[in-house]
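Given as structure tokens, the chain that follows is alone and in the form predicted on its own.
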């Protein structure tokens, strides 16, 4: 777990670490355990839904899924040695480079897109007008729409601190892209809606709290008390509910 979390911190958005509970613990149990172990508060995700089947009976089991969805490595991480990080670095290099086989004519468009200039990438594709350019344009739009969908989810679920940062970068990337810029602007406008004022305040308060306690005895009595006070102050908000859940998790006993 600690090694995977370090990789998540090292590679940021280029990598997504997903921890899968597979021993029958409830969500409350595994989340409480993760908080106690100081594994929460970062970008790693936690779930009990297996994205694929395990190959052995031992734990832990690690799998590296490539950018194309292919399982590149799977098994006990102790057997991987340096091969895991080497394979990981190779996959990350792929997402920072045009796809293999990209024509010379399209490399400029891919270069712009990978640097974050979506508008320039789309404009270059439109200028070329070839079937390959049209396919690349569709890929650029699809990838950007996924990012917009992520922003929408963050807004709808009241992760407004994260949404603000995500949308800020998106707005820079799509500036000048007439078919995408309005979509980002629409989500950004939601952040300042009067009806979300309470959620904005609560989101900032809980985000600051979670960051502060994640690595410093999360379930210390003083921290649990802070969570309870946050939940009381921001009752009826989603972040208030998260604070109340944190306090409740502190009382969960480990499975078994």
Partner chain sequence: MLRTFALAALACVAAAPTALAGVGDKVDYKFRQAPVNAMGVAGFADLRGKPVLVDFWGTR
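Predicted model, so just to flag it, every value in this text is computed and none were measured. Positions refer to the first chain, counted from 1.
The form predicted in complex with the partner chain is left out here; the points below concern that form.
K.L.:
Taking the partner chain as it sits in the predicted bound form, is residue 25 near enough to touch it, meaning that at least one heavy atom pair lies within 4.5 angstroms?
P.N.:
Yes, residue 25 is a contact residue.
K.L.:
Quick check on residue 20: any heavy atom within 4.5 Å of the partner chain in the predicted bound form?
P.N.:
Looking in the predicted bound form, residue contacts with the partner chain include residue 20, since a heavy atom lies within 4.5 Å.
K.L.:
If you check in the predicted bound form, is residue 252 within 4.5 Å of the partner chain, heavy atoms only?
P.N.:
Residue-level check for residue 252: no, no contact with the partner chain.
K.L.:
Does residue 209 make contact with the partner chain in the predicted bound form, using a 4.5 Å heavy atom cut-off?
P.N.:
Because no heavy atom of residue 209 falls inside 4.5 Å of the partner chain in the predicted bound form, the answer is no.
K.L.:
Given the stretches 173 to 181, 101 to 109, 122 to 130, 151 to 159, which is the single one in contact with the partner chain in the predicted bound form, using a heavy atom cutoff of 4.5 Å?
P.N.:
Within 4.5 Å of the partner lies stretch 151 to 159.
K.L.:
Which residues in 39 to 73 have a heavy atom within 4.5 Å of the partner chain in the predicted bound form?
P.N.:
Contacting residues: 39, 40, 42, 43, 44, 45, 46, 47, 48, 49, 50, 51, 52, 53, 54, 59, 60, 61, 62, 63, 64, 65, 66, 67, 68, 69, 70, 71, 72, 73.
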